[in-house]
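Given next are two forms of a protein chain, the same chain in both, each as structure tokens and marked structure 1 or structure 2.
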Structure 1
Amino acid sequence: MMKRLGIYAALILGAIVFLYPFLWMLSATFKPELELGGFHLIPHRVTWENYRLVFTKIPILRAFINSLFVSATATTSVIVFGAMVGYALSRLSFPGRDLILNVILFTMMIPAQLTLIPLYTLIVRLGWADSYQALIVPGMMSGFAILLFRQFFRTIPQSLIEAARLDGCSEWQILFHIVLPLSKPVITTVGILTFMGMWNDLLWPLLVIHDRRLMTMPQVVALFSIGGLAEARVGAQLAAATLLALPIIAAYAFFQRTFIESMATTGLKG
């Protein structure tokens, strides 16, 4: 009994240590600037001035819509294409299958910074600079998503797939009507990780987007915080950062159970 109480106490202490900075940041967005030096969580005087400054200085709502559209479109594409390639690599036999898998694994080892210049050159030559295509198309495929789908699909009994083939189902029908409905955990994991990566990406949008109407949330928040629009007010900068983080926190909180289940069951063997 005492051992269990000690474990619970340690877990609660760890949760407080991890949660306190986020709670303080959220609380600081409602504090006057003079109160930010303290460590208390409850403001002595609640103010909305920090959020008012954010909404009046930058097009935060338009940036939110842009980020939501770009992230949702890219995430949907990664799930669909990742599932298709993962199914082919896990359940179909064709020449060069192992070579394709090795190439995909190799591309995952290349730092993204090495491909920035050639990718930017390609986007400019295609005339996609300052467009949604520049934000979405480079993120429509993911080697990591393909690997996760492949490994998860290998856990589905082969007898189920063979039975569907005997019933006359095509490979497309097997994938979209049998395999994917059984793959909710991995779909959720790929969706959350891809959405987070697209939502938080700052470097690539800074390179290809200069039109304020197409800027994403990280762009306008960076412009607000280091571009002088925040008027050196820490509370306003924290308010902008909070607005940027809230959608990701909400998505993870909503899908937390499925996300953890997938990470526990999706192995990397074989």
Structure 2
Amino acid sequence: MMKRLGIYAALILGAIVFLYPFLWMLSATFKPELELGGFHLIPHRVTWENYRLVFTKIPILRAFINSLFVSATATTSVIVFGAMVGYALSRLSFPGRDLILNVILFTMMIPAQLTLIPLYTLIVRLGWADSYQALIVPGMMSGFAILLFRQFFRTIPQSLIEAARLDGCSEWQILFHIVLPLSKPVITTVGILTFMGMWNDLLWPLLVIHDRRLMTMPQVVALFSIGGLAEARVGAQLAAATLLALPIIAAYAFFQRTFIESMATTGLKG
């Protein structure tokens, strides 16, 4: 009995350690500056001043739309092309297929630091600095996504595909009308991982985007915090951070199980 209590006490303590800072952050965004040092979670006096400062000082709405557009486009592309290449690699045989597979495995072993600068200079030379292409195009394809699709497609019975071929379906029809509708689990996994990675990334946008109108949300929030625009107002910095976290938290609240399982597959395959 004592032991069970101890286990629950430890688990609850852990939950407080992870949850309390977030709750404090949320409440701090509604507190006047003087109240910020307190541990209490319900502000004595609620103020919208912090959010007003964020919306007047930085193009946060524009940044939100930029991030949404960039992440959604790249994610769609990663899913469509991932499924296409994954289908070719698992269901069609052609000379050089294994070579492509090995190339994918090889690219996944290369640390990003190695190609970061050459990739950046390529973007500049293409004239893509300060453009949506710079943010989207390098991330349109993912070797990892291809492998996930390939692995899933291999579990689909060959007889189903043969039957469709006999019925006169083209390979494109088989992929988009028969195989993909069966593949919701991989699509969600790839979708969540790609969207989250794109949404949270800071380093790449910092390198290729200098025009404030094209900046992504993490970039704008980070620069707001360190660039002095927040006038050292802690509440406003936290308000900007809260706005950045909100979409992912909202998605996580509904699909936490899928999030966790998707992330676990990256670890276990990586």
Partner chain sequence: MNRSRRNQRKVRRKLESIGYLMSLPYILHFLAFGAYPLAFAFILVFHKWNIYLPMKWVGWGNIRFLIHDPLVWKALWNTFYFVLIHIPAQLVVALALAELLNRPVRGRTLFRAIYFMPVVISGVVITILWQQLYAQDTGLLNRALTAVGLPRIPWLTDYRLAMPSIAVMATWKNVGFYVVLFLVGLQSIPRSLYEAAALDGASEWKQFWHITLPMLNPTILLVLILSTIGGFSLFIEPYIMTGGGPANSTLSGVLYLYKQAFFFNRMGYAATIGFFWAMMIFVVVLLQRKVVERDVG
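So that the term is clear: the rigid core is the largest set of C-alpha atoms that superpose within 1.5 Å between two forms. Keep in mind it's a predicted model, so treat the numbers as computed, not measured. Structure 1 provides the reference sequence; residues are numbered from 1 along it.
Chemist: Among the two displayed forms of the chain, which is the form predicted alone?
Modeler: It is the first structure (the form predicted alone) rather than the second.
Chemist: If I superpose the two forms on their rigid core, does the C-alpha of residue 42 end up displaced by 2 Å or more between structures 1 and 2?
Modeler: After core superposition, the displacement of the residue 42 C-alpha between structures 1 and 2 reaches the 2 Å mark, so yes.
Chemist: Could you check, with the core superposed, whether the Cα atom of residue 32 shifts 2 Å or more between structures 1 and 2?
Modeler: The answer is yes, as the C-alpha of residue 32 shifts between structures 1 and 2 by 2 Å or more after core alignment.
Chemist: Taking the rigid core as the frame of reference, how far in Å is the Cα of residue 23 displaced between structures 1 and 2?
Modeler: Core-aligned C-alpha shift comes out at 2.6 Å.
Chemist: How many Å does the Cα of residue 12 travel between structures 1 and 2 when the structures are matched on their rigid core?
Modeler: C-alpha shift for residue 12: 6.2 Å.
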